[in-house]
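One protein chain, two forms: both are listed below as structure tokens, the first as structure 1 and the second as structure 2.
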Structure 1
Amino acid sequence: MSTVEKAISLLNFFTEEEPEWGLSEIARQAQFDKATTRRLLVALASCGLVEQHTVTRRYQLGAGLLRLARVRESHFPLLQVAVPIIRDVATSTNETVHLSEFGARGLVTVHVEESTKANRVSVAAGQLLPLHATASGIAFLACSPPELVRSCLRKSLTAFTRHTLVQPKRLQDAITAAAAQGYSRGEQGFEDGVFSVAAPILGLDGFALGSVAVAMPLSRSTKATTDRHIQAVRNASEKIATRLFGELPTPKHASFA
């Protein structure tokens, strides 16, 4: 792992649940020695990507990331376009709705609208979504370049629950079904008791750039609600793509050749 990769890997440990880290804590989590970790954090701080609290001496994400995020959003305004649509879906379903985008880290949750119900599914912003274990991931794979799909099928697939698709043939069948239907269903593949549906958001090239999903407790799912949620995520994904690009791209479906 290069020095740059090591430094960037430290940023991934900062989450909504753990927004601050002490030097020893993050060194232990990253499995780097303290001297190396300190050098990496100092380099990140010099670029404004992390900050050290003057009293507690704990590290947190820096304001420099906000500047980069604004530049990125002005160039490709996914959140600006998608968030109002996601909120409409959350209002109409009263279930948790989340938006994901694919990047260097994988499929990442970039926005969440949680249900107002006491019994609801919680999804953290910034959470990585396993491609093989979530409705969002399978919907994304259904419209992904062949090399990405083949790479996923070749990997050792982690079993998060006893329902996770860890056999390549079963995962391939699920991807094929999602490509044909335009959506994916996920039942307890990533977390017990959770049911979700997702649709891919297409880029101009016809491949998915992310996905939109509705997640709910399995105990609350019925055929009628599932059908409504499927229509909601499909409509939302099409609206997002159309508003981003001025037209609805033609999907390029996954190939296993």
Structure 2
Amino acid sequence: MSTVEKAISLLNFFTEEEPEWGLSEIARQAQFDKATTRRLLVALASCGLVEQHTVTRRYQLGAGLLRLARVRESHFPLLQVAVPIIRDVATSTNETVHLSEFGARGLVTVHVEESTKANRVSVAAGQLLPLHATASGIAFLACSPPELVRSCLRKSLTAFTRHTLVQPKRLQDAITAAAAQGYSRGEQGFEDGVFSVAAPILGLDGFALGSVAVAMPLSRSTKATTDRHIQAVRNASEKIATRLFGELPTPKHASFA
């Protein structure tokens, strides 16, 4: 792990649940020496990515991140473009709709519009979605470079429920089906009682950059609602891609040669 990667990895300890850390505790968590950790934090602080409280001496994420995030969003306005579209889907379906984006850490939920119904599926922004166990993950894999799919298939596939696809052949079949039909279905693969459909959002290179999914309690799923939701996520993902890139990217499906 390079020095830069070590430093950035410290940033990843800061979460909504744990937004502040003392030096010793973050060193312990990161399994870095205290001196090393402090030097890395001081370097991050000098660039504004981290701030140290003058009174408590504890560290938090810094204001410099806001400018960089603004530049990123300004140039690649995924949230700005996608949020209104997802909100529309949530309104028309009255189910939970969520957007996820693929990055260094994996497929991460970046925005959620929850259903207004009391019996609803709750998803947390920031949550990492296992590729093999979720509709979003399979939709994403359906339009991913073959080596990424192979890498995923080679890994030990965690069983979250007894419905999780843990056999590579089964997962591969689901990915192939999703590639052919342009959407995926997730039936209790990540959590019991949850049914989802998802569509991949494509980048200009034809590979998926994320997914949009509708999730609902399995108990109120019908063929009619499923068909409507499939249509909704496909429409939404196309709309998002078209607005981001000015054209609809041609999908590059994962193929298994």
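Because the structure is a prediction, the values reported are computed rather than measured. Take the two forms, find the largest set of C-alpha atoms that superpose within 1.5 Å, and that set is the rigid core. Residues are numbered by position in structure 1's sequence, first residue being 1.
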Two forms of the same chain appear here; which of them is the form predicted in complex with the DNA?
-> 2
Please check if Leu218 moves between the two structures, taking a CA shift of 2 Å or more relative to the superposed core as movement.
-> no
Under a superposition restricted to the rigid core, does Glu247 display a Cα displacement of 2 angstroms or more between the two structures?
-> no
State yes or no: after fitting on the rigid core, is the Cα displacement of Leu10 between the two structures at least 2 Å?
-> yes
Align on the rigid core first, then pass along the CA displacement of Ser24 between the two structures in angstrom.
-> 8.1
